[in-house]
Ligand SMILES: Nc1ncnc2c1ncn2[C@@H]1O[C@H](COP(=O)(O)OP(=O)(O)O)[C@@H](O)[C@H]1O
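A single chain, nothing else alongside it, follows as structure tokens in the form predicted alone.
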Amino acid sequence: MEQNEVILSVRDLEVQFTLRGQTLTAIRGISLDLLRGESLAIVGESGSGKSVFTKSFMGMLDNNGHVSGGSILYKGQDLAKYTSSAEWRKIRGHEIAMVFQDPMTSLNPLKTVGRQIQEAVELHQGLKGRAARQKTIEYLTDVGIPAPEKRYRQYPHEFSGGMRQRAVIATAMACNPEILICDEPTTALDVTIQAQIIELLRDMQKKYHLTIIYITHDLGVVAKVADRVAVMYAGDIIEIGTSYEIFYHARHPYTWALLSSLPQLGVKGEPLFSIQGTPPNLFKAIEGDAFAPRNPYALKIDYLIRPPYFELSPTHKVRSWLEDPRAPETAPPDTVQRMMARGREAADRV
């Protein structure tokens, strides 16, 4: 794999939905390069646009949604211009596959698990009969399902939650994709099973040379899996950098707020930190920085003009007026500073 080779390039992407005669702009001009072989985590509050953004790569927007601007370049094709099911069938699964949050809603309760995985093998790999069945059992083995020949014949309700998630991952892998999108893959699982699924995804990435996008609001998961992190707010990427840069050199006040919300940063006897206020109304045009009304560090210009990106390093950029040379020097909250200091000390020891 070529280092820093771009596998998918998004430019000025805008996605809109029509609801009750009104237009909601869910994605507001995002540009992003996805690098081959990397793990990219997209984080942010519920409703920030994480799932909508990635669903646009597969043509899976709801019927009232559409790409209203920008481009999604993949292997010389602009996916933003795709309109027919025939076009998207060439992309879904075989090129870009997705693992959804709730495996029970992803699996057909009336078909055996083995048959559902085998359908993907037959459709995307051209195998039939005994060869397809054998390949399906191989995928069940890969994802750590014991007694795969027996499990092949069982139905989803006979699997535990963790086993169902493994089966969904096996189905995605059976499509032989280049890019795997994992939409909250561990949210419905207990902590022990979460760790197993994360380790499984790492193993699958190495074995099948995958590029993985994780969609999550769990920063604990992000710290374990991500090479790079994109922080989303109100349909925009407001900060992006390596995992180390986001955790230990974050510069956007919203990123500071997310880090401050980590339970392990809480102080015994005191309430956990929470972000005050509510996200903006995306039915209306947003002036300035969308986070400004909730930002205790907001400047007057934040309410007037949308900040550009300021490049902090070749891999780290932030959309915040605090990085303008004319802005007052602003330090992160004390809790975040302490976490950053501990992280940098640990890195120095290594």
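From 1 onward, residues are counted along the sequence shown. Not measured: the values here are computed from a predicted model.
What follows is about the form predicted together with this ligand, which we do not show.
Proximity to this ligand in the model of the complex, defined as a heavy atom within 4.5 Å, singles out one entry of L282, A292, L35, M58, which is L282. Note that among 316 to 324, 60 to 68, 303 to 311, 284 to 292, the stretch whose heavy atoms approach this ligand to within 4.5 Å in the model of the complex is 60 to 68. In the model of the complex, no heavy atom of L40 sits within 4.5 Å of this ligand. At least one heavy atom of L19 is located within 4.5 Å of this ligand in the model of the complex. Although the partner is absent here, I30 is not a contact residue: none of its heavy atoms lies within 4.5 angstroms of this ligand in the model of the complex. Of the heavy atoms in A26, some are within 4.5 Å of this ligand in the model of the complex. Along 48 to 65, these residues reach a heavy atom to within 4.5 Å of this ligand in the model of the complex: S48, G49, K50, S51, V52, D62, N64.
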